[in-house]
Each structure stands twice: as structure tokens, then as C-alpha cells.
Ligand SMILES: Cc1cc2nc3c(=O)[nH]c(=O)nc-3n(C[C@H](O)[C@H](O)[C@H](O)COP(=O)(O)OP(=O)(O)OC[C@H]3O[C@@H](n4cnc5c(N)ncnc54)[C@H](O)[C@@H]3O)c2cc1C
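Starting off, we have a lone chain in the form predicted on its own, written out as C-alpha cells.
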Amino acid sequence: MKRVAIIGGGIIGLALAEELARRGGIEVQILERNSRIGNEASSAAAGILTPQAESLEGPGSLLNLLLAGYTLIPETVARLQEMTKIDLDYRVPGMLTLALTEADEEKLTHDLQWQQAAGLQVERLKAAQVRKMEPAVSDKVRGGLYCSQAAQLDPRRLIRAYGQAVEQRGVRSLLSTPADRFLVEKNRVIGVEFSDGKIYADWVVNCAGPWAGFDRSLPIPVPAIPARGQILQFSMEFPLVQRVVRSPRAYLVQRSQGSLIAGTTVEYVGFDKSVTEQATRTIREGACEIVPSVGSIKGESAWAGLRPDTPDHLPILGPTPLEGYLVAAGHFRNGILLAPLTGRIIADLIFSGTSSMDLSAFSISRFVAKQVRGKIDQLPADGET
């Protein structure tokens, strides 16, 4: 039986483990640095699923990936809910992007043009139409864009569901087990070493998020960058908004269990997960700009997570110059949306050696200098010096 070692028990590692175990014929093990699975960015996320809002440069490889990922969400939710009986609070309420300044209006016009040209569902709304859809928004709103296909779910419930699913399918999770280094034999990764031992595998998949660059001894280190995001949660008896509502400065997500999520920041401060007064104030101001009545809500909680970013903000997916070594990291703000698709892509590569998607834009080779590639064949076998 083939063996796969997955480094990282966040949403990407869990989705891959579930996909592999569901297909069968493979022994799967997860190495997770924390004492619980999904305890980092996955559980800190807001759970917004909006492909066109997250496409950084308009049409292109990232948008195609996001749209493909979006199509897998409903069947994934249905399968996990059926298997685990956990309600993932999955809904498709749509999303309103507001213009509150003249600069916001200019950006909305730009976004409308490229999204319509790409054949995406999007509608330009006047201020009165926005207020009719969401009466609580600021009377300073100048207009908005409406995307009816935007969805949302509860990431923490999704993590629990994936955790139960992989356990039921026989996946072994080694918790509190950070990987120290890859085991390499000639030009092939054959396993992973950690403090208490080693795991040998036919395939090793790096899903370690912002820690994906942990082994700097390889000639192809993963350029993972932690990007801190802070979020506020307000408790309330009645919902303030029905849809995901955002501006260029903040967003609001109404959860069905009586809480409002407001976010977020993007901060490059290393592996510091502190919640700061400045960020809390900035998020609250952005939320109040969208819905002024947020300012009267008493009581809030806050948390921070480290998104797995890369120098060009694109994920790293697929093979590496080292045989037996695959990477699925750097999903930045789209880990929840892309998890099922990433699991399918990597599983296809393991089972058949090919993917139905063009992964060239996401290859680690874009970060690998030509002179480094020549060093691959010079790697010593494991144990040699």
C-alpha cells in the first residue's frame, strides 16, 4: 500500500487527507505542529467564499482556480454534513460591495467592467437599491456591486467536520509534531523527520501554511510568508445584515448563530499572532463606516490568524524538482474556498501523475533560480554528509 505523509493539519492538509482516504488504497498520515488540527489560519478565517472578490488582478489563472474551487463547495459541504451530522452553516446570501467615497466609485466601475467582460454575474446598484437590500448600511453609500453567488460557511465547524471525516476514514494524525526536516535520498524525498522519530512515505506533501518553508536545507525552500489578519466578533440578538457586505476597508459577515464578524487586516509582522488595539480600532471604524449602528454594540471578541502568503500572493501547487515531494501552500485568503479543489488536484497528481488543471502559474519553479536546479542531483542520500 502506498503511503502519503501530509505536513500540516490545517484546512488544506485535512481536505487532501479526506480526498485520499475517500479514494482508498493509500495509507495517510498527518503531522500537525499544534495540539489540535486546524488551530491556525483555518479556524481564524471569516468563511467568505467569493471568487471574483478575491481575484487579485482580474481575469487570469487565479480567477480560474477560484471559480473551479467554488464549484466544489456545495458537494463537499453536503458530503461532510451527511457523514458527520455537523451543520456547516453554509449559505449563499450574495455579497454587496459598497462605494462610500469617490475613489470607491472609481474602483467599482473598474471591477464591474472586468467582471462583466469575464462573463461573471455582477450587477451595479444605485444607492437607493443598496439601502433597500440592506437598510442598515450608511446613508453615505454612493452605490454598490451585487454578486448573487457569494457564499459563506463557518470555518470552525468545517474543521471539525473534516477532522471527524478523516478519523472515520482511518487517517492517522500526529498532533504536537512539527516536522524538522525532509528525508532525502539522491533526488527524492522519502519521508520526514521530527523530534520523536521519522516517517517514511512514497509521497510527502507540504501543506504547512506559513511554516511551509521550515526546512531551509533544501535547494528549493518554499517562500512562505505569514500575513496576520485580525478579526472582531460582535454578539447580537438580531441580524444587522442579510448578505456579506464590504467596502475597500472592511467587511461584515452575519453568522446565523447571532454573531457579526468584522474584518480584517493584512499585516506582515512575522509569526506574531497578537491582537492589537490599533487593528481593533481600525476594523471597528471600517465596520461602522459600513453600518453605523455597529458602534452601539457592546461587547466584542477578537482574534488573529496567520494567513499563508507568498511573494506574489499566489498559491504554490503541485510537483517540485524533487521526486515524491509535492507542495500545497500559500493560499493566502483563499484556503477555505480552495481546500476541496486543492485536495483533488494533489490527489490526482499522486494517483495519476497529472492534473486536469493548468498549474503552471502556481508552480514552485517560479521561485527557483536556474542555478539552484542544477544542485538537485547533488543532494546526498539521507545520512550522508
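Please read these numbers as outputs of a predicted model, since none were measured by experiment. One rule holds for the numbers: they count along the sequence shown, beginning at 1.
There is another form of the same protein, the form predicted in complex with this ligand; it is not shown, and what comes next is about it.
**Q** Which one, 31-39, 57-65, 319-327, 347-355, holds residues whose non-hydrogen atoms are within 4.5 Å of this ligand in the predicted bound form?
**A** Residues of 31-39 come within 4.5 Å of the partner.
**Q** Is it true that G94, V241 and V291 each have at least one non-hydrogen atom within 4.5 Å of this ligand in the predicted bound form?
**A** No, because G94, V241 and V291 lack any heavy atom that approaches this ligand to within 4.5 Å in the predicted bound form.
**Q** Answer with yes or no whether G229 is in contact with this ligand in the predicted bound form, where contact means some heavy atom within 4.5 Å.
**A** Result yes; G229 sits at the interface with this ligand in the predicted bound form.
**Q** Using 4.5 Å between non-hydrogen atoms, is N334 touching this ligand in the predicted bound form?
**A** Taking the distances in the predicted bound form, the answer for N334 is yes, it comes within 4.5 Å of this ligand.
**Q** Does R307 make contact with this ligand in the predicted bound form, using a 4.5 Å heavy atom cut-off?
**A** Close contact exists here: in the predicted bound form, R307 approaches this ligand to within 4.5 Å, heavy atoms only.
**Q** With a 4.5 Å heavy atom cut-off, would you call P210 a contact of this ligand in the predicted bound form?
**A** P210 belongs to the contact set for this ligand.
**Q** Let me know which residues along 243-276 have a heavy atom within 4.5 Å of this ligand in the predicted bound form, or say none if there are none.
**A** The stretch 243-276, when checked against this ligand in the predicted bound form, contributes Y251, T264 at the 4.5 Å heavy-atom cut-off.
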